[in-house]
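Quick setup: one chain, the form predicted on its own, written in structure tokens, and binding and motion questions come after.
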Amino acid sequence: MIHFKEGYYADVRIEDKFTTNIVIKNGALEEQKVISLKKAFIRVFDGTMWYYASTSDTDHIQEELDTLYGYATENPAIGEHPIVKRYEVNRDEKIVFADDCVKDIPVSDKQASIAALCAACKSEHLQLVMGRYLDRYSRFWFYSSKGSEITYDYQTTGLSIGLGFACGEEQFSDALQRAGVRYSDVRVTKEELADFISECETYITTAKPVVPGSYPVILAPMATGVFAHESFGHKSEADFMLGDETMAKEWQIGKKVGSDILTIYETGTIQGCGYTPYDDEGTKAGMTYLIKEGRLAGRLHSATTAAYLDEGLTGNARAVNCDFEPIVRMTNTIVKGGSSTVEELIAGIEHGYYIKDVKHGSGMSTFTIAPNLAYEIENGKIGKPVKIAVLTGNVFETLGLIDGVANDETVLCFVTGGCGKMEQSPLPVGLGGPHIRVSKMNVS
């Protein structure tokens, strides 16, 4: 039992984490790690300064907490501080995976599943087969001096078959990935794998460079999600606005920033890699509309940013692990589905491009997206593969050019990669949306 002193705000979060990481490269086992680690992050606030400690000695958390109290100054009015007043008091237990935990699957089964898929990869152009199996099970505890007592668990599991192809001077790489929250979710049939390899072979042997210009573009759900996350999600993180009057003016709630058919929301309630039922300050997850029908509707907060901007909490104070303090981060960032079919979106384009998946993206006021598999659209039909190095544009201008939103909203889960911010990387996040059509994007 943790004892909190009067005259200070303090909280303690603990994570007991189990992970598996198996890597097979060109048929050889390169890595097999099974790690269990329990750590705690402790902090004390006296109204003027924060004091932090991180420890793997979770049997002596009270001693660490008392040491921090020794550095701080007692403040009888700490409960009236605008940051402290915003902290929620929640008492809850959400244990979902105790009876279906990846910890209970033998590592030999995990290795055999990824090895079998790697062995099935066949192609005359194939130079590299990199198979990875990853899983994670975490149990979290959160306690605060205001009275919060929270326990919940988190689980993801998945695999990635990364393939490198070469044909003459041409090289191409892509990965087939599956991810979910239960071991039984992660299945790739040999037929699915063969179809993926065939698509990659067709791409490397027939894809032609795009003629740079401005074209209508359709983004598949993965590309939609990356676009929403990189070009808009990060702009929604309120710590970027602290002390920045220019950005605060640009970011006025109610401002028209996109097409009337565009809605983007954020929530930690969806099971998957972005699942965060309570953030690392004990705030319960809800639904935050970032854009609603083309207008700015909200932003993402920690207690500090919410106090500074005099707004409500959103459940977005997150740390990558117990070595770090929580900062404002996304959970699941999703473009809301619309009313059109995918076929209707494609049929409306005489000449443009279809972006099936992407390598990476970045952005704030402007954005860049590096596509991987991309195809031309001719006379309302998807045609031949094309090589596109990058899509670029102004964020708000592009949001206003979205003229079609399909009804196939998809939330994606990943076990490789993650979101980076400051020194905290990679943080698991979810993203997604439907197919969307942008009337004009810079393509090169």
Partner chain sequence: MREEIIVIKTQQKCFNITAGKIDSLRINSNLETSVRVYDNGCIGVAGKVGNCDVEALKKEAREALAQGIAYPDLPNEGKQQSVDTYRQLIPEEELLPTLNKLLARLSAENPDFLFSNKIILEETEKTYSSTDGSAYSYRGNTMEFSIVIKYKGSANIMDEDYSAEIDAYDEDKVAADVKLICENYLKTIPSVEEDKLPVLVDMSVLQYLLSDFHADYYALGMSRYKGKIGEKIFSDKLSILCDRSPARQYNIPFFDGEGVVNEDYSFYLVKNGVMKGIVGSKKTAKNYGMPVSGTGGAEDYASVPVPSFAGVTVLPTAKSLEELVGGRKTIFVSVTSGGDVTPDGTVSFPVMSAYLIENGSIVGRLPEFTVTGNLADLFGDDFIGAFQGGVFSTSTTPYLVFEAKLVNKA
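Numbering follows the first chain given and starts at 1. Here the structure is a predicted model, which is why all the values come from computation and not from measurement.
What comes next is about the form predicted in complex with the partner chain, which does not appear here.
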| Listed residue (Asp260, Glu93, Glu343, Asp244) with a non-hydrogen atom within 4.5 angstroms of the partner chain in the predicted complex | Asp244
| Position in contact with the partner chain when the complex is considered in the predicted complex, options Leu401, Ile61, Ile382, Ala53, heavy atoms within 4.5 Å | Ala53
| said: If contact means a heavy atom within 4.5 Å, which one of 277-285, 147-155, 320-328, 114-122 is the stretch that engages the partner chain in the predicted complex? | reply: 320-328
| query | Using heavy atoms and a 4.5 Å limit, would one call Gln32 a contact residue for the partner chain in the predicted complex? | reply | yes
| With the cut-off set at 4.5 Å between non-hydrogen atoms, does Ser365 touch the partner chain in the predicted complex? | yes
| message | Since only the chain is shown here, I'm wondering whether Tyr265 would be in contact with the partner chain in the predicted complex (any heavy atom pair within 4.5 Å). | response | no
| message | Can you tell me if Thr205 lies within 4.5 angstroms of the partner chain in the predicted complex, counting non-hydrogen atoms only? | response | no
| Whether Val12, Tyr143 and Ser425 all lie within 4.5 angstroms of the partner chain in the predicted complex by heavy atom | no
| field | in the predicted complex: members of 19-48 within 4.5 Å of the partner chain, any heavy atom | value | Asn21, Lys25, Asn26, Leu29, Glu30, Glu31, Gln32, Lys33, Ile35, Leu37, Lys39, Phe41, Thr48
